[in-house]
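Below you will find one chain, with nothing else, as structure tokens; this is the form predicted on its own, and questions on how it binds or moves follow later.
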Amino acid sequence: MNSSIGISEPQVTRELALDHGLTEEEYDRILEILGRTPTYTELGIYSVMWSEHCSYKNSIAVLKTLPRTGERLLVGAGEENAGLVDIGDGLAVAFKIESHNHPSAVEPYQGAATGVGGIMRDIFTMGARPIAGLNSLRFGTLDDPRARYLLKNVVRGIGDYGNSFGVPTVGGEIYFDACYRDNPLVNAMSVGIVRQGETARAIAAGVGNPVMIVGSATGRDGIHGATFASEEISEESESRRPSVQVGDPFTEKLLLEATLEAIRTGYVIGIQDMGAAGLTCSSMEMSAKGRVGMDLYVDKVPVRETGMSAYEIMLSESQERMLLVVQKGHEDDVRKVFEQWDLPATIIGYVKNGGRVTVYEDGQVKADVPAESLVLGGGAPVYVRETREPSYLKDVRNPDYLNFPEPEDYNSVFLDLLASPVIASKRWVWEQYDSMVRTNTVSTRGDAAVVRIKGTSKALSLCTDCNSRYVYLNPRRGGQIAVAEAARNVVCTGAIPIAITNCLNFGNPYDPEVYWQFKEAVAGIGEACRAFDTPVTGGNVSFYNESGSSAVYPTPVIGMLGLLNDVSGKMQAGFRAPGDHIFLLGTNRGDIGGSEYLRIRTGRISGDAPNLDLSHERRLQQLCLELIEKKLIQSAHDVSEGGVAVALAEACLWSDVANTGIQSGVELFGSVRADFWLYGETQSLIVISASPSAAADVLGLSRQRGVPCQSIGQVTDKGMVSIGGKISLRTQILREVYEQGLASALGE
């Protein structure tokens, strides 16, 4: 039990409100809502609920422009803990991606671990069993000791938590750029399966129904974590370690099983994870959604530290906790479920009429607030900030970036690309993750992971995607490309893209140039989602990703969900058989803006983002799916970082056939400069292979569908990669460089 009698609280003043991250206008609004000066606990409640992390006050107006409805969506975007998508046969997929950037900057192991734990809870509070985890990571360049430290500990945190929790980490991406040195990005995605009609809601209802807290005891870890996530990283951030939560994956595993069993009893009216802002957020949001109120008795909350105040208990972000509203009369039924899993379940309050949440401590009222005034879409502030096109664009788009000579040694440049940590194999990372636990994983190698749904013929194709360099150079087109490439990746596995979740990582929204980037990127995402019929199911906005005067590249990460109705039709990325013909779907324009090749040659991220025609991209993807469905092709691999040359090398390295190589003729480049054709990152390109007997049909169908298809070589078993008379290297040399690139950069 909590014992906090005698704890004195500071007098609430305007200055104290500003110290809590509120503006003067927001403090005046609180005075107007309450009709009085708030108590200290109320000030804490408003400060976290009106923080950017919880209220989305600087982003919600822009987010509402995204396509948020579709025939497969079972809940509206943002209505529940995660998106819910119909995949047929009475099944649904719950999925979501969220950031844990700031905690990972100051405590990378726990920051990453609790990011994984938090997103998993969002899934199983929906009643869905998590079946896969993914991530999207950004760090500084690996010649920097800090970047190496952050990478190693973030990866260890993700691996330790996910492996112990028992959900496979099946995919993700990692990029390295100097702008992420002090402010890494750690985005975690979780995917779960649930039967339709067996889902749970994050709502409070039924006057007199008890409110229960289940799971771990409450401590002081994570207090003001939501506010911390709404600030820039600075030298003082190291002192904010108490704002980083501490996770326990073994407790979370128990909580998963107990929660799913409790939901199946039918006695759980509503349930919500205690993530950002802890008990405050869950109680306020559930009350507002149900248009009811709650009486909460914080001295009933199980705590693990003595002397905790109402303020601390309401704002604590201790992990592995849930808030439940339970049908009156069945409290013991629900409690017994949790006790069977060695977890406490404690009644801490009751649902009431009136829409106000009243917090009691030792018989005294510590807070009495209208829940609706605190939540997204209710009384929380909504702002649209000033925008201004960034001044840097004029410099980086200077056409002089194209004026450098062709390489004298194409082989050497190619090896440099394959060794680049951005392109090289991420084996050092994924070997620390258990990708096969629960035996659902079909494939993790290639453009997207494929995970079967047991008891059916179906499978999911999953990926995370965003090349932030493109967004930096052209935010709208970069946003389009993030969606297009994510869709292309799942298409290359044979899956139909059906929905996305997103994690939008940007700098300070009060900076007009940053806000312009944000609005343009969201506009591009919306345009692409409409083109591919992939509505946005929800996600996360993370602002204030900057340190000093420098923001990270705008990084709108896309989590794509694709569906294979028959997993036996999965397509692989690696070449299948010697003698197969290799084709390039699409037109290679040799776009090098923002490319890794350009960075290696010039040391700069410059130019414009690659061109993208959304209607052409849609036709390309539909053709690829048709070729797969008709069994006309043997492999399909998206062209991305490193261009066609890297895509061809990867298709050899991922082949199951020994000594796979390619022989590609000299008539490849046309009017495009050879190095740009080989190493440029032109969009809407897919490398495919087909047996000799199917080659003519591939070309014929491509002509019918109006998609260019160029024959570029043949698969061999000679163990040599020869491309266009410019590159000639043994496959084994490429493998050694590709597999060791990241580990070498880390000094492993």
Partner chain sequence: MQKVKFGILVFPGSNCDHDAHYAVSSVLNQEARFVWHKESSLGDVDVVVIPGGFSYGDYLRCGAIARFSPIMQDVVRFARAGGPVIGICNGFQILTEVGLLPGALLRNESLRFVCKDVYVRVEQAGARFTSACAPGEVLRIPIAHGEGRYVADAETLRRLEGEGRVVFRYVTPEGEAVPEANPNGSMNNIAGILNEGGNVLGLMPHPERACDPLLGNSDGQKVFQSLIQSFAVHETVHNLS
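Positions refer to the first chain, counted from 1. Note that the coordinates shown come from a computational prediction; the quantities given were computed from them, not determined experimentally.
Below, we refer to the form predicted in complex with its partner chain, which is not included among the displayed structures.
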**OP:** Counting only non-hydrogen atoms, choose the one of 506 to 514, 251 to 259, 69 to 77, 574 to 582 that falls within 4.5 Å of its partner chain in the predicted complex.
**Re:** 251 to 259
Original post:
Do all of R29, E52 and Y311 end up near its partner chain in the predicted complex, with near meaning a heavy atom within 4.5 Å?
Top reply: no
Subject >> 4.5 Å heavy atom contact, Q432 and its partner chain in the predicted complex >> reply: yes
**OP:** May I ask you to state whether R530 is within 4.5 Å of its partner chain in the predicted complex, using heavy atom distances?
**Re:** no
Original post:
Quick one: does W341 come within 4.5 Å of its partner chain in the predicted complex, counting heavy atoms only?
Top reply: yes
**OP:** Evaluate R452 for contact with its partner chain in the predicted complex, applying a 4.5 angstroms cut-off between non-hydrogen atoms, and reply yes or no.
**Re:** yes
**OP:** Could you work out which of S420, T358, S547, N163 is the residue within 4.5 angstroms of its partner chain in the predicted complex, going by heavy atoms?
**Re:** N163
Original post:
Considering its partner chain in the predicted complex, which of Y267, Y297, W428, Y401 comes within 4.5 Å of it through any heavy atom?
Top reply: W428
**OP:** Would you mind checking 424 to 442 for residues with a heavy atom within 4.5 Å of its partner chain in the predicted complex?
**Re:** W428, E431, Q432, Y433, D434, S435, M436, V437, R438, T439, N440, T441, V442
